[in-house]
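First, one chain by itself: the form predicted alone, in structure tokens.
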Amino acid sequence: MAEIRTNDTRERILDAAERLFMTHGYEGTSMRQITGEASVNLAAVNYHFGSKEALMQEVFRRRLDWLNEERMRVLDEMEAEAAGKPLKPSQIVDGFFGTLLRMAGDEKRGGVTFLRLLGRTLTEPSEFIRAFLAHEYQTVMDRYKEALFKALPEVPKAEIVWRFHFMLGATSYAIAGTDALRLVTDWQIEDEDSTDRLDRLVPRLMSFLLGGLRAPLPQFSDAAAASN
């Protein structure tokens, strides 16, 4: 029974921290807020995690472990079916980004809360979080990068890396939960097209990402090329 209570306390702290980090960001969230939200004392947080930084890492690790395993499982399955042939770019994009976006519909995996926390963190990361996420993603990123190189042999590798970088940025911004459409413009959109409609955001974003990946190669001037 004591072990069950300990696990329950640990998960309650993680759930509370996840919600607060999503709402206020890492820097804007205090340990006092976390203990209040989780209905525990500071000693309990220190016992399970030791520090706010370690707590933040564990908030991500419990979701990213599954996400990375699922991305690898999907890629392994697609490559096995392809039997050595290159995958379609659309398959690779869906395997990496689609797997992430589908987490929004799975509350056991963090749902919308974690998706928006990840988006917010990627758009305004602290240095230690940037290093932590880079380490967590390294193996998966390398595998998907190699799949893209194989799928798009006519595209320079540097261009693929840049486009993947842009795709990560677009995805991070889209899932962060900021209503930029109303913040930076007077454009009006209907309620059914609001940023809360993830069922519409996902196909829109996936279409945009694939379009960017397949866009014509940029043309550099001789002067620009000579400086590179």
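One rule holds for the numbers: they count along the sequence shown, beginning at 1. As the structure is a computational prediction, the values presented were derived from the model and not from experiment.
Note that the form predicted together with the DNA isn't included here; everything after this is about it.
**Student:** Report the residue, out of Q57, N68, T171, T29, that has at least one non-hydrogen atom within 4.5 angstroms of the DNA in the predicted bound form.
**Tutor:** Spelling it out, the residue with a heavy atom inside the cut-off is T29.
**Student:** Heavy atoms within 4.5 Å of the DNA in the predicted bound form: which stretch in 45-53, 59-67, 156-164, 199-207 meets that?
**Tutor:** Every other range fails; the passing one is 45-53.
**Student:** Looking at the partner-bound form in the predicted bound form, is V40 within 4.5 Å of the DNA by any heavy atom?
**Tutor:** Yes, contact at 4.5 Å.
**Student:** Is T23 part of the interface with the DNA in the predicted bound form - any heavy atom within 4.5 Å?
**Tutor:** No, T23 is distant from the partner.
**Student:** Any residue of 136-160 with a heavy atom within 4.5 Å of the DNA in the predicted bound form counts; write them all down in order.
**Tutor:** Nothing in the stretch sits within 4.5 Å of the partner.
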